[in-house]
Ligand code: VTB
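The chain below stands alone and is given as structure tokens, in the form predicted alone.
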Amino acid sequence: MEATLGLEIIEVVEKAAIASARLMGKGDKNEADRVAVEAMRERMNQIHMRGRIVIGEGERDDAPMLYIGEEVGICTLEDAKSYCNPDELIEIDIAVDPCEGTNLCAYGQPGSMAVLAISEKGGLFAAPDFYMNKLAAPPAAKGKVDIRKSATENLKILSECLDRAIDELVVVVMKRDRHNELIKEIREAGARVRLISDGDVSAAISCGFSGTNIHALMGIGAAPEGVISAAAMRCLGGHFQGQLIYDPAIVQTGLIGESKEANIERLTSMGIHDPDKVYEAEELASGETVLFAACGITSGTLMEGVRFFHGGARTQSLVISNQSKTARFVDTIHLMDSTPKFIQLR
């Protein structure tokens, strides 16, 4: 799968990032999302595959969707039988977030990116559009920290695993009222808190790389993005756990259903019979082959954002594979004009 689709999925996220980046700072998050969706869909429909969206654009933002269940790829087109050999057909599940951090893009803030994860059919958890309590940590802490422990306990474990004093640890938490007590506990334990407004996929993945000065992600964010983060962290050997949040009173947003009971019924209808289950990365991204790709829209911890120049653009992408056990940073110059004035090198 990596040999067949590796370069193709990089181009998918690059196209989405470039489309969104043209609207960076213009204050219209839905339009930035819409153009990313269209660019991503168009490029995926040029790939020789039969893909199925298992995690797509959510309903939370009333945004345009690559909807769950949508089929993409050349082999899903009406006349596919004429050029798609069923014996050679690659069937894959796809999780996408064409513009992760729409607000970040709309207001020119760091950390927005286009992301996707793929695996063979059935290899990605079809998370509902709920929230998820998440814990991400570096590979050294994998299986040692636990989302069921308190933040204080996990910080002590992280300190031991990383051979760092607790006051040298940085924990990323989304700035939400629901996290006030968590933030207070982390600070009282002695660690430092980095608050973010959006975009916890980047924060989770950053835990898998040394030198980012991010040592953990804690708190509640969107469940679909949790699966995408889990796919990347599985490939990196990092720690990721997620637990679905189905009680509206916990998140207090009014965006995950009217009642706890109705949400449990919805989970049951999706085949999720233990709503309180803690999922490991290997369960959220269970496929034999898992690939993750991201392209920076605005510059962040891991990647530079899209940089336009006369006649083209430059992007930086990241593709991670559990198959080849690699994390590749890809620097690409896109020539959009047949006679560019110059090519930007830096």
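Since this is a predicted model, take the numbers as computed values, not measurements. Residues carry their position along the shown sequence, with the first being 1.
Keep in mind that the form predicted together with the ligand is missing from the display, and what follows is about it.
Which of 206 to 214, 129 to 137, 143 to 151, 158 to 166 lines the interface with the ligand in the model of the complex (heavy atom within 4.5 Å): Result for this chain: 129 to 137.
Is there any non-hydrogen atom of K184 lying within 4.5 Å of the ligand in the model of the complex? K184: no, not in contact with the ligand in the model of the complex.
So, M174 and the ligand: in the model of the complex, are they within 4.5 Å at any heavy atom pair? Within the cut-off, so yes.
So in the model of the complex, does D247 come within 4.5 Å of the ligand, heavy atom to heavy atom? Judged by the heavy-atom cut-off of 4.5 Å, D247 is well away from the ligand in the model of the complex.
Taking any heavy atom pair closer than or equal to 4.5 Å as contact, tell me whether D198 reaches the ligand in the model of the complex. Answer yes; at least one heavy atom of D198 falls within 4.5 Å of the ligand in the model of the complex.
Kindly confirm or deny that E14, R52 and V96 each have some heavy atom within 4.5 angstroms of the ligand in the model of the complex. The answer is no; none of E14, R52 and V96 reaches the ligand.
So which of M218, I92, V115, A222 gets a non-hydrogen atom within 4.5 Å of the ligand in the model of the complex? Answer to the contact question: A222.
Under a 4.5 angstroms heavy atom criterion, identify the one residue in R266, R178, R192, K121 near the ligand in the model of the complex. Only one option qualifies, and that one is R178.
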